[in-house]
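First comes one chain, alone, set out as structure tokens in the form predicted on its own.
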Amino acid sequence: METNKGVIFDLDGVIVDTAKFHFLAWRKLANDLGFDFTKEQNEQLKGVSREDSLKKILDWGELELSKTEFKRQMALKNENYLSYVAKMDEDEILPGVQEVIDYLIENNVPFALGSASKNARNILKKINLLDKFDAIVDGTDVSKAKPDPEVFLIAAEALNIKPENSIVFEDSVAGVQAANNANMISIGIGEQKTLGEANYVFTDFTEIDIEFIKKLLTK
């Protein structure tokens, strides 16, 4: 296929659902500190860095921590989260994702990862996708969080693709805004009412027809 386009995937909530692991780890942290943490609150942390997530949780719990204790709690949360990640395998790839990735590989369409997660490479390794990506940009490569488009702009540059020719799959509002801010084509994975700012919205990858991908790539 002749195309000048490239594809950028977010990780959490797009390729795998690690939100459930984050929820369990954050809830344990909150409970250990003496307050509760709900799934609704967890939704508000999608696409938010670990540090900013902890700040929000402490605000909700009306708690202040010293710098040292703040860092310790961040490390504890990550250890807890990684204990779940350690058990991941290919079965964690969300339905329909593998088919899209296979199609991109078969048609020589370059694709990258653009994720805030500092554990992205570890997760991709666990699910046997690490070697499939042409470029990986994660939380260790960026200084600005979504909706700043930095992560996607670095990914597009790594693919040697212009921003306006980049197609981004995202599940968070901040991620969709980041793609839009970079003048990229944004595809929201989730609910229309939440991700309405995206150019296209699908509940999940099983709703995405390969013909739709083909049309996007050859436009």
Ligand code: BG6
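These numbers were taken from a predicted model, which means no experiment stands behind them. When you see a residue number, it is the position in the sequence shown, counting from 1. Just so we're on the same page, rigid core means the largest C-alpha set that superposes within 1.5 Å between forms.
Heads up, the form predicted together with 6-O-phosphono-beta-D-glucopyranose (BG6) isn't pictured, but that's what we're talking about next.
* Asked: With the partner left out here, if you bring back 6-O-phosphono-beta-D-glucopyranose (BG6) in the predicted bound form, are Phe111, Pro149 and Asn180 all within 4.5 Å of it by some heavy atom?
  -> Not one of the three qualifies.
* Leu63: heavy atom within 4.5 Å of 6-O-phosphono-beta-D-glucopyranose (BG6) in the predicted bound form? -> Result no; Leu63 lies far from 6-O-phosphono-beta-D-glucopyranose (BG6) in the predicted bound form.
* Asked: With a 4.5 Å heavy atom cut-off, would you call Leu33 a contact of 6-O-phosphono-beta-D-glucopyranose (BG6) in the predicted bound form?
  -> No.
* Asked: Would Thr38 count as touching 6-O-phosphono-beta-D-glucopyranose (BG6) in the predicted bound form under a 4.5 Å heavy atom rule?
  -> Output for Thr38 is no: heavy atoms all beyond 4.5 Å of 6-O-phosphono-beta-D-glucopyranose (BG6).
* Ile167: heavy atom within 4.5 Å of 6-O-phosphono-beta-D-glucopyranose (BG6) in the predicted bound form? -> Contact with 6-O-phosphono-beta-D-glucopyranose (BG6), no.
* Asked: Looking at Leu159, Leu45, Leu58, Leu29, which is the one with a non-hydrogen atom within 4.5 Å of 6-O-phosphono-beta-D-glucopyranose (BG6) in the predicted bound form?
  -> Only one option qualifies, and that one is Leu45.
* **Which of 75-83, 124-132, 89-97, 103-111 lines the interface with 6-O-phosphono-beta-D-glucopyranose (BG6) in the predicted bound form (heavy atom within 4.5 Å)** => Flagged stretch: 75-83.
* Asked: For the stretch 49-63, which residues lie within 4.5 Å of 6-O-phosphono-beta-D-glucopyranose (BG6) in the predicted bound form by non-hydrogen atom distance?
  -> Counting only heavy atoms within 4.5 Å of 6-O-phosphono-beta-D-glucopyranose (BG6) in the predicted bound form, the contacting residues of 49-63 are Ser49, Arg50, Ser53.
* So, does Gln41 move by 2 Å or more at the CA between this form and the one not shown, with the core held fixed? -> True for Gln41: a C-alpha shift of 2 Å or more.
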